[in-house]
Structure formats: structure tokens, C-alpha cells
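Next comes just one chain, in C-alpha cells: the form predicted alone.
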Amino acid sequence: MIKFVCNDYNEMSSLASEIIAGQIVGKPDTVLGLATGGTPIGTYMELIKKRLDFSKIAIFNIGEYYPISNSNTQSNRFQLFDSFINKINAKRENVHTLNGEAADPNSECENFDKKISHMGGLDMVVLGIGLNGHIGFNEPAERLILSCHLGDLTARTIEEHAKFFDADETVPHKSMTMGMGTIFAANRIVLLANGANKADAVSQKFSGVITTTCPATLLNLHHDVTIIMDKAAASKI
């Protein structure tokens, strides 16, 4: 594992973008798994500035609320396109997101895994970390699921995400997410963490204990993980 502690969010975003850019330049047909949410936005903004060639890059979004309209501004699909895809030259047929409107979410998840497998798996996956240590939408549980799946969000995650939704909206209580097996099969993992509110989760990540009650701790078993934090997120390690 490689660990970087940056002075602030901007430095974290800049460093992360350099690492991802190196992957893209070195392998122009890279298969990327990308998280959404507030943490990676700065990284994507820095990548946009680099004017890299994404024409051969395949991109898979990590997860999606369920159910949710694809046009909802809080859907992961909308956020990925709005903050990143619409500003680079990626081909739309190479961008894969989970459909929050799917009539059969289980089939949607199964087909998503098949697409990743058809591409030969992920070369690099970029993750954030939840307050409770979740990665993707793989929530703390006694058992974690290897494949893409529909699952329940914890009360803590629902509360954490409620601030992003309008007051009259119901925050989805379920999500579809890339499973732990697919994430672990990636050649490289980049984990981003910023802010004092992530310090407890990051502390657990570095506690030396591996437990499904903090899914991020399982990343200690992967052969190529780079974690990039700001000082606030790293304050308890």
C-alpha cells in the first residue's frame, strides 16, 4: 500500500489526477471504475484540465441509488456525466452506468458484471470512503457480496446523503453497487479521503484489523492500493 497525506483537498485532487493520468497515458484503452460523490469531483476537474485522450477508455460507474430517475441531479449517473463525462472526449458507448430506473435491478446488476468481464476487468478503480467505511455502496455487514448487487443502505448512509436531496424528496433506501469481488479484481485501486468527518473511517482502515463491519479495511489485502488523504482525514492515524 502507498499512502500520501496532502495539505488540503486541492493538493489531494491534483495528486490523484496525476496518478490516474499516468494510467491513461500508459494504457490508452484503460478500463476505469469511477466513484461519484463530493470527494472525487476535484480530481475529475484536474483530469479535465489535462486534455487527455479518453476516446479508447472504458468507464464504469461504481454504483447507483435505487430506485432513482436517471435525470435526477442526485443520481450517480447524472453526476458522473455532469462533472466529468460531458467535459472529456469519452465515447458514450464506452461509458457504463447502472440504471436506477431498471424494472429488474438484479438483472441490471448481472448484466453490468458481464460488461466488465467482457472488457477483461478493471485496470484501475477510483474509490471514496463513507463515514461508516463503505466503499462503493458496499455497506458494513456480516457478509459482503462479491458481484454487483442490489442492497440496503444503512441508516447512517441515508442520513449522510440526505443533505444532497431536496426537502420534499425521499432519499432512496437501496442501491446497486459494484461488488467487492469486482473491485478486488482491479489491477490498481486508488482510495481518496478528505475532511475531518472521514477521519474515523480512515483510522479504522489503518487499524491493522480487517473486518466486514468496515469494508474499506479489506483493501489492506489488495496488492496495489494507493490511498490519498488530506491532513484532516488523516488526523487520527
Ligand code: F6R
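On a predicted model such as this, the values are computed, not experimentally measured, just so you know. Residues carry their position along the shown sequence, with the first being 1.
Not pictured, yet referred to below: the form predicted together with the named molecule.
Trainee: Could you work out which of C148, L98, I135, V125 is the residue within 4.5 angstroms of the named molecule in the predicted bound form, going by heavy atoms?
Mentor: None of the other options qualify; the answer is I135.
Trainee: Have a look at I57, A186, A35, V190 for me and say which one sits with a heavy atom within 4.5 Å of the named molecule in the predicted bound form.
Mentor: Flagged contact: A35.
Trainee: Is the named molecule in the predicted bound form close enough to I62, E160 and K198 that every residue in that trio has a heavy atom within 4.5 angstroms of it?
Mentor: Checking in the predicted bound form: I62, E160 and K198 are all within 4.5 Å of the named molecule.
Trainee: Using heavy atoms and a 4.5 Å limit, would one call T43 a contact residue for the named molecule in the predicted bound form?
Mentor: Output for T43 is no: heavy atoms all beyond 4.5 Å of the named molecule.
Trainee: Hey, in the predicted bound form, is P105 touching the named molecule, heavy atoms inside 4.5 Å?
Mentor: Flag for P105 set to no.
Trainee: Whether N76 contacts the named molecule in the predicted bound form should be assessed with a 4.5 Å heavy atom distance threshold; does it?
Mentor: Yes - in the predicted bound form, heavy atoms of N76 and the named molecule come within 4.5 Å of each other.
Trainee: Determine whether any heavy atom of T182 comes within 4.5 Å of a heavy atom of the named molecule in the predicted bound form, and answer yes or no.
Mentor: So T182 does not count as contacting the named molecule.
Trainee: Would you point out which of 85 to 93, 67 to 75, 136 to 144, 106 to 114 contains residues with a non-hydrogen atom within 4.5 Å of the named molecule in the predicted bound form?
Mentor: That would be stretch 136 to 144.
Trainee: Enumerate the residues of 111 to 131 that have a non-hydrogen atom within 4.5 Å of the named molecule in the predicted bound form, in sequence order, or give none.
Mentor: Counting only heavy atoms within 4.5 Å of the named molecule in the predicted bound form, the contacting residues of 111 to 131 are G128, I129, G130.
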